[in-house]
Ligand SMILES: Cc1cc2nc3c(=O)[nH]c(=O)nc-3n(C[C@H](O)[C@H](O)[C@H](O)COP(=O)(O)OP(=O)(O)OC[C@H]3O[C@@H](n4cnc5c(N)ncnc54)[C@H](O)[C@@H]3O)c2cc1C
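Below sits a lone chain in structure tokens, taken as the form predicted alone.
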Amino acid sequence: MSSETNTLIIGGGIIGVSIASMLSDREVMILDSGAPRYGTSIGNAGHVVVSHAQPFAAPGMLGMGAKSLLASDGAFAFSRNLPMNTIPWITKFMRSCTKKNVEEFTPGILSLLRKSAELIKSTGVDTTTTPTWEVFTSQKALEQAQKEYEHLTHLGIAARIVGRTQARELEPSLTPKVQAVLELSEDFGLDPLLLWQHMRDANPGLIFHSNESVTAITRVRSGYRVTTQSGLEITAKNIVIASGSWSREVGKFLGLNIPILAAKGYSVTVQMHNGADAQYPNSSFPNSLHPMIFADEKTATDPFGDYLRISARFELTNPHDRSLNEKRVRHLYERASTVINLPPIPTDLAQLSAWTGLRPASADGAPYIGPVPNLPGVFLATGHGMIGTALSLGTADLITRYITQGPVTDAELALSPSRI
């Protein structure tokens, strides 16, 4: 029941397996508490979004959040199962919604997003051949699209505005409600499960322990000894906490107070009908061609062949809340159907493969990536919020450079856990 390794990664989601794949030249183990649970690593929209370089805590977020809370089914919400650290987290988040916060973290996040996108494409995992579209439906759609275009251009991120008529010609799945489209030229989509499977298999020497929850971490001469609920003891020179929404609980074993809350998201996977069939003899539901973000409906979609993944919601909750609310599922489907032509929602919601996952939301809206001060050999790779898949390989590349003492830029240093 005892073993040794060079690097122990706590967390077997997309971040953990990506780090393991890049450390294939040394002994690596992964501990994961589920089989499979993996936070949102396998059920999200699968967007790789270079355009989302701005930290989640930014000017305007407080107003948007308040508006969402007042809605019957807003994208942002609080669950009834909030943990004790919610109030300190919210207080810090509110204080972080500043221009200074955006300026501090955007360069590092953008650098890692671009690196991650490059590395993901080099894996050979299937990605969409079309870029992501941000779709606007409100009365101020053109104004919104122009403002977002100017923001991205200022950051040096490629984008272009697509006219309403041209957009509906290029993307037949769109409804007449669409008023404007912004093409996010550097963004693309993929099936997140396929990426996770590929990265797990990329290190053939990886030892993966499933259903193993950490119960203690102690310092020893050779590094750290990690004990699990089954009695497994692993001694490692390096520990990487990549536990997503459970990172705060793991950090406590080392005396860390990582300001992270779990943010629950929902997704459904819809089988499309490209042309009339027996069930819908008078209707046609063309397959979507682009990954899409519905700016006003706060919903994301991604085409997986004849299936469409639809994802939304950012519900702050505790890290064990995987409850599935059927009302939320229906609202998710209804919001998406106002922008994209979908078949009528099935009576049996099981046909939608409804799913929930937990995102690790940091208090300042930026991920924690790097070494922990005063704990040599301990690294954090968590707090990625809604862009964990997009940042996965970029995060792995940065953690690998830290472990192997490679070069790290000032922009990347800003994401260090030293700010906790």
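The numbering used is simple: start at 1 and walk along the sequence shown. This one's a predicted model, so the numbers in the text were calculated from it and none came from an experiment.
We do not show the form predicted in complex with the named molecule, though everything after this point is about it.
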| property | result |
| --- | --- |
| Interface residue in the predicted complex among 171, 183, 296, 212, criterion: non-hydrogen atom within 4.5 angstroms of the named molecule | 212 |
| Sole residue of 246, 105, 136, 133 within 4.5 Å of the named molecule in the predicted complex, by heavy atom | 246 |
| Check all three, 112, 200 and 379, heavy atom within 4.5 Å of the named molecule in the predicted complex | no |
| Interface stretch in the predicted complex with the named molecule - options 237 to 245, 340 to 348, 75 to 83, 162 to 170, non-hydrogen atom within 4.5 Å | 237 to 245 |
| Distance check, residue 54 to the named molecule in the predicted complex, heavy atom within 4.5 Å | no |
| Non-hydrogen atom contact residue 398 with the named molecule in the predicted complex at 4.5 angstroms | no |
| Proximity of residue 362 to the named molecule in the predicted complex, heavy atoms at 4.5 Å | no |
| Contact test in the predicted complex: residue 250 vs the named molecule, heavy atoms, 4.5 Å | yes |
| Sequence-ordered list of residues in 353 to 369 near the named molecule in the predicted complex, where near means a heavy atom within 4.5 Å | 355, 357, 358, 359, 360 |
